[in-house]
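Consider the single chain below, provided in structure tokens and representing the form predicted on its own.
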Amino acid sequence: MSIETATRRPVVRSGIASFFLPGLGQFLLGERYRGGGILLGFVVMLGTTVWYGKPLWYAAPILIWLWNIWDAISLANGRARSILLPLLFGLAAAYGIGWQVVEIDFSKANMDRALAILRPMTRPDFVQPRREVNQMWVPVQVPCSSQPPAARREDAGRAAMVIPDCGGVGETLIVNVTGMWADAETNVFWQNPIGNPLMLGEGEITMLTLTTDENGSLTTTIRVPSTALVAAPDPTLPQFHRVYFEQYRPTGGYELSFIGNEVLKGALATVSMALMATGLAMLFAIPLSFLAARNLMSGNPVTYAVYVAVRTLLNILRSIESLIIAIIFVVIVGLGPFAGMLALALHSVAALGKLYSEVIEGIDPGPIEAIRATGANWLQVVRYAVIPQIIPPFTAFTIYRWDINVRSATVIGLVGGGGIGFLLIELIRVNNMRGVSAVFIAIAFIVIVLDYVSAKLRERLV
């Protein structure tokens, strides 16, 4: 047998092997990781194109298959081909399929609709001319219980009532108020149990504004808003809502508008949620992090089993998005910032526990070995060899997590977790784009300030 024939045989075998199974020729030539990667890439690309079902994109797996045969033959000759070419094939197909799946179509853009949204956003609703307020409210139960209390209230010479005393979503109620300013415009709106206002005007997107008579009285009919029970833990559970009557008189100067005041309260609630959640999470994450550190828990089978259990628990909790956790807590404790804070805290326990444990695993083992050599127990090793090394990075990670929680708190509000996010979704629902603009500015300001403060604090810890 000639040398040329002997040399040609592995080339042919590797090419034939990769012809029948992508990556097999590379595997037989000893390039196991390369062969496995080629097979995996080919299977993923083929599965994607089969799932999408457009014949055009079958070109990608075919080209990868042909390149795989070429690579196997070249590898047998002692020269591996660059994987850049099949990577480009795969990316081109993935991008093309993604473009079509997302249904990108710029012709659908409507500039009139865009301008209708953007124009009011150039005038954020923060301040308004200073004015005197005359306000009255009356409680009303939704939905009705077996014995609803009377929907009547008196205060400072004013009286308000609702007939009947309760109602369900969409039902008509008669509301009456006396003792208000005479011949004055009066805003009538609904407030849900957690304090968020709902409009009662046309389509529930405009303010219902009426005028009192010469005696300061007003009577009208309203419907229980369709969103009165949205995100309620149990829509069948009777809760107390309010119907508000508000009048204003200009007094000169400027003050925070109603929306501006709500934005400030929402921003304060959001920052407080993040701060409380981070502090609570830190208390639980610190002890768990020591149990989740491999270098501290691998001394014997019992501690190693604890390590595996704690690490698994942290991974499970961390894999569930805080938004989903918030929905669960809204059902358990009801709407409001408390549910949002608990969701952020639970997710932060897992996130901080993992970060803290990785810090512990990365510390200098020298002091640990030295303390162990003296016969110290586990607690003494942690006290004298571990804690002095972890305080600065622990503090930095805690500040960073607080920064993250502020951003997350704005999103959690969208599912009833309180804070500025809840206000944002309500303003979007009623198409109050001036209010939406004010919320955007407030969120941006909070994030910028906290980012600056946390960066300065981390610099001092370095």
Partner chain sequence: MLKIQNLSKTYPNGTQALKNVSFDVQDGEFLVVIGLSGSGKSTLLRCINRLIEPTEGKIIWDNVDITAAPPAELRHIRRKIGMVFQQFNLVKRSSVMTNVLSGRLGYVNPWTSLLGIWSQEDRQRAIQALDRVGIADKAHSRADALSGGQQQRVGIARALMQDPKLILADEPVASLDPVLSHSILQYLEQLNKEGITVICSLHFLDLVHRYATRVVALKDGVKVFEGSAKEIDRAKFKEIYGEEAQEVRAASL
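Positions refer to the first chain, counted from 1. Worth saying up front: this structure is predicted, and the values here are computed from it rather than measured.
Missing here is the form predicted in complex with its partner chain; even so, the following discussion is about that form.
Using a 4.5 Å cutoff between non-hydrogen atoms, Gly78 does not count as a contact of its partner chain in the predicted complex. Using a 4.5 Å cutoff between non-hydrogen atoms, Glu255 does not count as a contact of its partner chain in the predicted complex.
Residue contact with its partner chain in the predicted complex: Asp364 places a heavy atom within 4.5 Å of it. Of the heavy atoms in Arg383, some are within 4.5 Å of its partner chain in the predicted complex. Of the candidates Gly203, Pro250, Gly375, Gly170, Gly375 is the one whose heavy atoms come within 4.5 Å of its partner chain in the predicted complex; the others do not. Proximity to its partner chain in the predicted complex, taken as a non-hydrogen atom within 4.5 angstroms, holds for one residue of Thr220, Gln135, Gln389, Asn215, which is Gln389. Listed stretches are 320-328, 142-150, 114-122, 366-374; the contact stretch with its partner chain in the predicted complex is 366-374, by a heavy atom cutoff of 4.5 Å.
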